[in-house]
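Have a look below at one chain only, the form predicted on its own, in structure tokens format.
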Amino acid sequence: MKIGLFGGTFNPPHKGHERLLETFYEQIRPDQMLIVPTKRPVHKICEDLALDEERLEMCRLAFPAPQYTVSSVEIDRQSDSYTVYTVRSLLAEHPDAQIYLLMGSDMFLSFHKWYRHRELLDACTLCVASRCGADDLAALRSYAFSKLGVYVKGHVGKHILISEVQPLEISSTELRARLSNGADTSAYLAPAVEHYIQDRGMYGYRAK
């Protein structure tokens, strides 16, 4: 059984997340693809983090296709949102599962700082989104070798799979700033997510 696992704050979920998810879904064809919003980030400070239920609902709106499942497993857990806990629970339920852990290049380049990162690397295949450039790919390969001890030939190394994904040319921080200014965000958000944010006045949204 193949299980894809895509975690993050999703604050909010945007079209860059959609591209990454679609790219790896087509590549690995998992039996189950889980989208898992974190309860609170343990790797960064996020001062304007939306409520847990709001991020869950935005993920449901952003990823409505039947092959995707939005899970509250980390939000419901009575501890920090460490990915290794989620992987352990999946393997306890499906001992023979192959787990594919999806992430962007920025997250990958700090992977050695993740809690129990060696356990994760042994238990999962890291599916890393490269930014469609030779320099970015070279940086990912260099990091994999120097920090994780994994040699990546082409786009594949032991427990590492790199694929090119066209990046969203805006950060989540900038996107929230655009929302707070009432600027057009249709190029970055699914219509249902944009409407949800606007209707609730999230991220300080005020219509012009």
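In this text, residue numbers run from 1 along the sequence as written. Here the structure is a predicted model, which is why all the values come from computation and not from measurement.
The discussion below concerns the form predicted in complex with a small molecule, not included here.
- Contact between residue 20 and the small molecule in the model of the complex is found at the 4.5 Å heavy atom cutoff.
- Mapping the unseen interface onto this chain, residue 84 falls outside it, with no heavy atom inside 4.5 Å of the small molecule in the model of the complex.
- Mapping the unseen interface onto this chain, residue 9 counts among the residues with a heavy atom inside 4.5 Å of the small molecule in the model of the complex.
- Of the heavy atoms in residue 107, some are within 4.5 Å of the small molecule in the model of the complex.
- Note on contacts: among 27, 146, 67, 173, the single residue with a heavy atom within 4.5 Å of the small molecule in the model of the complex is 173.
- In plain terms, the part of the chain that comes close to the small molecule in the model of the complex, with a heavy atom within 4.5 Å, is 162-170 out of 162-170, 177-185, 27-35, 138-146.
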